[in-house]
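Okay, so we've got a single protein chain in two different forms coming up as structure tokens, structure 1 first and structure 2 after it.
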Structure 1
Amino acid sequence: MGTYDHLIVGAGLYGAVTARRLKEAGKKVLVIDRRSAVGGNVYTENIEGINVHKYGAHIFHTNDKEVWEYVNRFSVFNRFTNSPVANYKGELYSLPFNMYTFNRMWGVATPEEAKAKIEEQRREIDHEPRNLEEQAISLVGRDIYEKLIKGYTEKQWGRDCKELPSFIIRRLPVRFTYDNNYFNALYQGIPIGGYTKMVENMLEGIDVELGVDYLEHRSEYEAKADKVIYTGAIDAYFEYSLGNLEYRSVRFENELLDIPNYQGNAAVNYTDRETPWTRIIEHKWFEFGKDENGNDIPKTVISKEYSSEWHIGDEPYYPVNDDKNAELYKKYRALAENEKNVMFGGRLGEYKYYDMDQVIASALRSHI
């Protein structure tokens, strides 16, 4: 028997919430992570007063009251509302698809005119959409598909829209109102002081060891606890014995600029195929351009986001939830069932395109 009841591998949201839950249930918990900081991919680092989202933009949003109340125990949230702008070859469009977008695209001003335009264009799909392209055209028509969806999606996923599952595009709302709020969520915001601070608060009073690669020191760490909660990639856990699952990885080019305002918005998506990055994030706008004392920040940090295919050794970000990978995941799942004292959780452990709130909900409600 080890010193701990539970060993948690991974100090991201799933690991931190599970650790907190177990601690509050009176268990002894050790959390380890191979990175040198906690937070997983929600990790933020303060640069010149700006909380930089080092592993990509994270905007917390949820309809789940319990999850919202839970995260608010560990941080106060600001009133940030995500309203990205799409840049298609210099033409700027509002996202998600709403009356501002339709007005810019077709010059229409009323919901009735916009609906008529979409109705006319979606007729080309006369059956149940079978892939992302058909789903997109049937939701918003070909013009929007060509200018705002096709290039962005193919860059992000490195696959043709005809080869991608339609659920990915159903994440985006389509609205016939003048409303640029990207998410249909009751609660939304960014933790004041950064996500890292929020995760540190979740882990308060819990033993954490950083810079430890579990898979390289498995027997040593297994011996420390009765049960393991593993939040890394499930195929890596099994040493890719059935072949690797596919992931998309992301690379960021960060720049600190000596100007106060680069693009006037937190997120600008480049939806053409030719621009090599998918989006540019200007981090200060997640907190309205102010530092923690409420002063205007004179500089700015931007991140260009490049999407790439994942290879062993890269950081996995997005699971590629197509049929082929779903099949392979099922086989890994079967192996996981045989690991009696190990539980798999989170975006990588469950190979699922989870949003932050879904990760937290799953960690709060899992049977541990």
Structure 2
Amino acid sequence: MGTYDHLIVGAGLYGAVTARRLKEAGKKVLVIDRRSAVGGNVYTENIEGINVHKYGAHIFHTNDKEVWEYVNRFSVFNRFTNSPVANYKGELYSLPFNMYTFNRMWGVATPEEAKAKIEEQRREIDHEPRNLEEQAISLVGRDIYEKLIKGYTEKQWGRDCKELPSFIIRRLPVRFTYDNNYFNALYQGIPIGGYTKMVENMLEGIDVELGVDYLEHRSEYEAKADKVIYTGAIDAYFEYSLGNLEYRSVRFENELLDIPNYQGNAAVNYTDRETPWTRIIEHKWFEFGKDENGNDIPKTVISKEYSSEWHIGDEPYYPVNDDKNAELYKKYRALAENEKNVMFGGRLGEYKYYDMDQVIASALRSHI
């Protein structure tokens, strides 16, 4: 018998929510993480009064009332609404595609005019789309595809749109209203004070060890607990014995600037192919440019995001959800089901692209 009932590998959202559930059920829990701070990829670091999203922008949004009420136990959320801007060679467009976008693109002013323009261009594809390019054109027409989809997508995936499967964008959000709210979600916002504080609140009263690589000290940590909940990469757990699953990774270039306002918006996507970064995040606007005391922040922090191929040792971000990787994951899943007293969960453990609310819902409703 170990010292703990459960060992949780990973202090991200899945691990933290699961740890809190077990703690409230009277279990003794140990959480470990190879990083030096809790929060996983939602980790925020306070720089000059700005809560910087160190692993990319995270905007909480959900239609799940249970999940929304749960996260509000651990943080007060502000009223941030995601309204990104697309920059195509200096031309600025609203995202998601809406009447502001169509007016900027074609000069149209009514939904009927916009629908007619899109319908006219969609006719270019008169067969079942064979790749992402054809799928996009069949949904929104060539003009929007060329300016707002093609370059961004090719940078994000590192492949020509003609080489990408059509299912990646089976749907594209098109709104014939002047509504700039990117997420069609009932609840939305950013935790005041940052995500790290929220996760720390979830883990209050629970033993946490940081800077620990579970895979390097597996036998030592397995001996401490009766059961293990593993939220790391499933293929890494099995030492890539069947080959490695594929991911896209992201590199960030962060700059602290001695100006109050760099781009006037939290997120600006660069949709041309020539600009090397996919987007620039200006973190202060997630909390309206104010510090925790409500004062205007005189400086700003920006992050340029560069998408890249993932290699073992890099940080995995987005699963490559094609048929080849789906088949390989099934094989690893079969191995996982044979592991005694080990449960796999979360984005990496399940090789699944999860939004934050989906991760939390999975953790809340899993059988532990």
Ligand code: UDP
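Residue numbering: structure 1 sequence, from 1. None of these values were measured; they are calculated from a predicted model. Definition used throughout: the rigid core is the maximal C-alpha set that superposes within 1.5 Å between two forms.
**Q.** Between structure 1 and structure 2, the form predicted in complex with this ligand
**A.** Structure 1 is the one predicted in complex with this ligand.
Q) 2 Å or more on the CA of R171 between the two structures, with the rigid core superposed, yes or no? A) Shift of 2 Å or more: yes.
Q) Superposing on the rigid core, does the Cα of C161 end up 2 Å or more away between the two structures? A) Yes; that C-alpha moves by at least 2 Å between the two structures.
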